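Just one chain follows, in the form predicted alone, and it is written as structure tokens.
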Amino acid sequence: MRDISRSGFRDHPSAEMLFVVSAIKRGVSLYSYQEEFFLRTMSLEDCIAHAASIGALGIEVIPEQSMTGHPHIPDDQIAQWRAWMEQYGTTTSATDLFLDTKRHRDRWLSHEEQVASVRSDIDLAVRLGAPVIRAIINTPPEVMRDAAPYARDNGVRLLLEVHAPFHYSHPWILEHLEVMHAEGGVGLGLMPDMGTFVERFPRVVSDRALREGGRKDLVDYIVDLYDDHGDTHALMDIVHYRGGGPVEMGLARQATHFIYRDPAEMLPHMDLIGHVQAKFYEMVDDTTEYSIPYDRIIPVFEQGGFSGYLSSEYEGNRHIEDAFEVDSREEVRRQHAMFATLLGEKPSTDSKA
């Protein structure tokens, strides 16, 4: 919840300044800078420095993406990471794990191997100083259950990413919730991905389909149906019946993976929520994300007493890279300008105070 404290702008001529300060913190997943990092126009340090420069002090890292030698990352890289955290005044807010169940071509990982893989990710999180780990949505509940004691003993919490098209009443999530409540929420929890609140079809996605030769009538049909909150279950069949090709079918499939749910569905689970993947596709300006209504989402977190990190996850990059120069820095900066306003970090005048 927000608490209001009076500021020290004693010399303001017309009104006392109030800061409405939220307990919610701001951070960035380094996934957001993937285009520039891949092209080597930004180094790992550059990514951290940019996040710090915009007041996003929680750094979520995907070791598999950002560090060499994964999963056996040498001590000198860990030492350098910790030095950067100190230098830039940042902290490791989370690490991300990918449960590579198809590591072997001829078989799926056994249950024991999956648990061992998660334990290895817990060890790495401890080395990097992260208090939570994002467990990818395909992590089975029984693997979470059997890894939980190791996480708890190491002071780390495994958070299942609630990623579209899954939601809080989906059977897969309900299975996980049963395990989490039985475990007590100490070693386990939830990491909501804001992709579950896509109210408008991301235009960076539909625009790319048009650039790739998609039929405008079918692209418009898909976007309009989604934006009208239509039933997308049979959308791929409908597009097929209307003669859609690979581009249109791909867009229809994408539409079945976008969802919009009422953000209030998170409220009963707030005690389990330890971190937020603040996904976004396109910042229109410094106040608005095109598809996701953050002005209605953040108040839900505040109502629920959330005090962790909103961790930027910019995903528009891969949808525009075919035709435009990606500027992840500017997109992330805009999102944090929006966050700063919504979280009350910018002062507002109140002549009645």
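Residue numbers here begin at 1 and follow the sequence given. All values derive from a computational prediction rather than experimental measurement.
What comes next is about the form predicted in complex with a further copy of the same chain, which is not displayed.
Q: With the partner left out here, if you bring back a further copy of the same chain in the predicted bound form, are Pro141, His170 and Gly230 all within 4.5 Å of it by some heavy atom?
A: Yes, all three are in contact.
Q: Should Pro165 be classed as touching a further copy of the same chain in the predicted bound form when contacts are defined as heavy atoms within 4.5 Å?
A: Answer yes; at least one heavy atom of Pro165 falls within 4.5 Å of a further copy of the same chain in the predicted bound form.
Q: Do Glu175 and a further copy of the same chain come within 4.5 Å of each other in the predicted bound form, heavy atoms counted?
A: Judged by the heavy-atom cut-off of 4.5 Å, Glu175 is in contact with a further copy of the same chain in the predicted bound form.
Q: Applying a 4.5 Å heavy atom distance criterion, does Ile137 contact a further copy of the same chain in the predicted bound form?
A: Looking in the predicted bound form, residue contacts with a further copy of the same chain include Ile137, since a heavy atom lies within 4.5 Å.
Q: Tell me, yes or no, whether Tyr221 is in contact with a further copy of the same chain in the predicted bound form, where a contact means a heavy atom of each within 4.5 Å.
A: Heavy-atom contact with a further copy of the same chain at 4.5 Å: present for Tyr221.
Q: Which listed residue (Arg203, Arg242, Arg82, Arg152) meets the criterion of a heavy atom within 4.5 Å of a further copy of the same chain in the predicted bound form?
A: Checked against the cut-off, the match is Arg242.
Q: Among Gln87, Thr91, Ser120, Thr256, which has at least one heavy atom within 4.5 Å of a further copy of the same chain in the predicted bound form?
A: Selected option: Thr256.
Q: Looking at 141-149, 194-202, 181-189, 271-279, which stretch has residues with any non-hydrogen atom within 4.5 Å of a further copy of the same chain in the predicted bound form?
A: Looking at the other structure, the answer is 141-149.
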